[in-house]
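In the form predicted on its own, a lone chain appears below as structure tokens.
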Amino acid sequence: MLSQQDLVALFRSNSFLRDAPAELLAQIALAAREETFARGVFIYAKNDAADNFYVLIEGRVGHPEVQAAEEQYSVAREVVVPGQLFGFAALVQGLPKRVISARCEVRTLVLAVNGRTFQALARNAGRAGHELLQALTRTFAAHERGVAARSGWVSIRNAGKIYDPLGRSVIAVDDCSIEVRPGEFCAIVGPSGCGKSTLLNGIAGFDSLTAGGIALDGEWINRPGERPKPGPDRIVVFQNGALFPWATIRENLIRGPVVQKRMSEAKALERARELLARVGLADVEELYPGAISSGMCRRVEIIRALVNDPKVILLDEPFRGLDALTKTVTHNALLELYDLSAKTVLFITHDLEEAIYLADRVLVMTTRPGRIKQTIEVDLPRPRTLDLLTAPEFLRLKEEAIEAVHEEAVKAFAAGEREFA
């Protein structure tokens, strides 16, 4: 067994951990456990849940997927240097899966550290811990893009936004950091005016930030002093709808990719018809938006977003105002299209039941200035079905969300908040 001093020294030999605060390394050492694996044993397999990350003490760990097609990847074939860190997926927010496997090529000794424990310790370590988490997250994002060819990673880093209504400064968002992984369905909830829509507009490139930055797949799309970068890689579905009333449903759906010359009209129409059929709208393509219900319009808008093939779909309370039955139908249509496309989705809502039913992760924001107060992991099976709404785990998650949001809503009411964002 390694001593506490030896563990800290091992961590210091790692390029990521060498500059971490001494107290943080001491806490990580206390949380770590030594594990031994025989030759040929898999420490984890591709698509396993990512619970732990690992630091090599001695031995050799190979990544079979990388070894089989080394020229395709920038990820190391093997872990051979004591102190080398692997299993990065456990170090990011959410419920990530392994993108490659790890097999022991010889008898191997490692340190295993629970990823969620590490994240909590790092967040409690102040800015140095926060920056360490961001560096590790960026590394995993690069691994995931290189190995799994997945895009749509949204990184909101220390974002801040100050408005100046009527000549007085209003801090809408302050020091807010969120990581949304490729293919994740992430919902943001919170009291009115907490900055939910401000964040969404920042990602979309509709509004600038006054602090921090937003990156998409490692490329900055919004930073202070630079013009925000809207683009077809992000599509927004708005609360009030944005279908062209003078165009048929078919024309609304295919116009974007055809005008941008990313698809032929025939190919775009084929894709649109396929998606319309999946959600029971195969017979509406020649109708105008005014001739179909609001619930149908919402489904059409989601299909239009998918036909444009963005990296990220941003939904700003798209189902607000729909009656309960229509909302249920639209929820299930969105879930079916999400399961089919696996796009990154960021969903803004006031409806807590809706957030939990749809999302993989629900982020609760504080009252203004908006920050992330609490993360609720929604580890419910997909595809989602309506019977989940009465399941004990769903009800527990809903109660947790209600308690968190209610506390912030009371603070907002007491402060006399108005909805600026």
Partner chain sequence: MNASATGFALRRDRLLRAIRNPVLWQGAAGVATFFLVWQIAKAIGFLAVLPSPLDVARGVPQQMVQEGYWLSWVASGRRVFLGFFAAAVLAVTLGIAMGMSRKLRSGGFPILEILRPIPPLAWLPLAILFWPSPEMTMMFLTFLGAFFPIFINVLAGIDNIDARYIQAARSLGSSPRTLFWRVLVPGALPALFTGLSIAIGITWEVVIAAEMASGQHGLGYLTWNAYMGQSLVGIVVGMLSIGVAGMASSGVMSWIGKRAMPWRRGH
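Numbering follows the first chain given and starts at 1. Predicted, not measured: the structure shown is a model, and the values here were computed from it.
The same protein also has a form predicted in complex with the partner chain, omitted here; what follows describes it.
Listed range touching the partner chain, judged in the predicted complex by heavy atoms within 4.5 Å, from 181 to 189, 123 to 131, 109 to 117, 239 to 247:
It is the stretch 239 to 247.
Thinking of P230, I235 and G256 as one candidate spot, does the partner chain come within 4.5 Å of a heavy atom in every one of them in the predicted complex?
Yes: each residue has a heavy atom within 4.5 Å of the partner.
Residue-level question: is Y163 within 4.5 Å of the partner chain in the predicted complex, judged on heavy atoms?
Y163: no, not in contact with the partner chain in the predicted complex.
Do T330 and the partner chain come within 4.5 Å of each other in the predicted complex, heavy atoms counted?
No - in the predicted complex, heavy atoms of T330 and the partner chain never come within 4.5 Å of each other.
My question is simply whether S264 lines the interface with the partner chain in the predicted complex - judged by any non-hydrogen atom within 4.5 Å.
Judged by the heavy-atom cut-off of 4.5 Å, S264 is well away from the partner chain in the predicted complex.
Does R299 reach the partner chain in the predicted complex, with heavy atoms at most 4.5 Å apart?
Contact check for R299: no, nothing within 4.5 Å of the partner chain in the predicted complex.
Can you pick out, from N308, N222, S197, T137, the residue that has a heavy atom within 4.5 Å of the partner chain in the predicted complex?
Contact residue from the list: N308.
What residues of 327 to 351, in sequence order, lie within 4.5 Å of the partner chain in the predicted complex by heavy atom?
Nothing in this stretch is in contact.
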